[in-house]
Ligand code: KMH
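Starting off, we have a lone chain in the form predicted on its own, written out as structure tokens.
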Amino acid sequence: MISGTLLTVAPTGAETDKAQVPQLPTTLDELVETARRCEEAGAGLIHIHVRDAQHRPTLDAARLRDAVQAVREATDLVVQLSTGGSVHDPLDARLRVLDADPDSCSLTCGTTNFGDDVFLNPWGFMVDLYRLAQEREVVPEFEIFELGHLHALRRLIDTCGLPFGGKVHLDFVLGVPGSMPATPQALLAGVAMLPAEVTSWSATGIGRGHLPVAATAVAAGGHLRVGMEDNLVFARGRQVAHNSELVSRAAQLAALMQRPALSPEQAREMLGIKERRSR
């Protein structure tokens, strides 16, 4: 059994405006530079959203393929693509994300309120994405925004079997307005409801819940997702200057708790990732 903490970096997301936060990595060059520095800081996996030439969220197939290839060539990070895109992307376009041949993909386990919007993940779409990931030998990360999503994950496993690789890894996303709050209590309630097949879990705290959720996750045996997709403030009165700052702080917390950051190779083993690197 691998002992340590998987650090995932989510550097960009689909919500933040580049014009308001210039340090947000939205170009391919910025993404690769971010991936390299975050790997050096302790990240084992990168969760990628891509932007177009005007820095707007996109699911453009060529940009997705270019992002996967460039990060894979520049680092050893596990490359995970978001299949959520933005909340406005159609379901068929979100399924085509897997055409870019990532190591991993997100799979959100149900529809949820998302600020002023609704993030649609109907049952049929979830099953289609799960089975497509099995066919493409892509490892899903199940995103849990609500406690009810754990029941949906149970139903998915019963319906479709285990994911490719045989491991079940999920990420609690806490603090999105309208969904589970970013509190230790909410996270521990979710941990108490984990299906028996779950082999590892991580947690994401949005905004000011970032540090309480991180501390609770590491103490409870979980893993961490950090990054500017989820948190733009490093400390009171100071914005995050670079995603690597957040990774470095998470790595320090993990080391302090005697659960040091996993290397990308250890992350691949823990998650059951298929080897896609040519070097």
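Worth saying up front: this structure is predicted, and the values here are computed from it rather than measured. Residue positions are given as counts along the sequence shown, with the first one as 1.
Although not depicted, the form predicted in complex with this ligand is the subject of the following passage.
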Is there a heavy atom of His47 lying 4.5 Å or less from a heavy atom of this ligand in the predicted bound form? yes
Within 4.5 Å, heavy atoms only: does Glu39 come near this ligand in the predicted bound form? no
With the cut-off set at 4.5 Å between non-hydrogen atoms, does Leu162 touch this ligand in the predicted bound form? no
Wondering, does Ala14 line up within 4.5 Å of this ligand in the predicted bound form on heavy atoms? yes
Just one of Ser202, Gln134, Thr111, Ser86 has a heavy atom within 4.5 angstroms of this ligand in the predicted bound form, so which one? Ser86
In the predicted bound form, segment of 68 to 76, 191 to 199, 153 to 161, 86 to 94 with a heavy atom within 4.5 Å of this ligand: 86 to 94
Partner contacts for 144 to 162, taking this ligand in the predicted bound form and a 4.5 Å heavy atom cut-off: Phe145
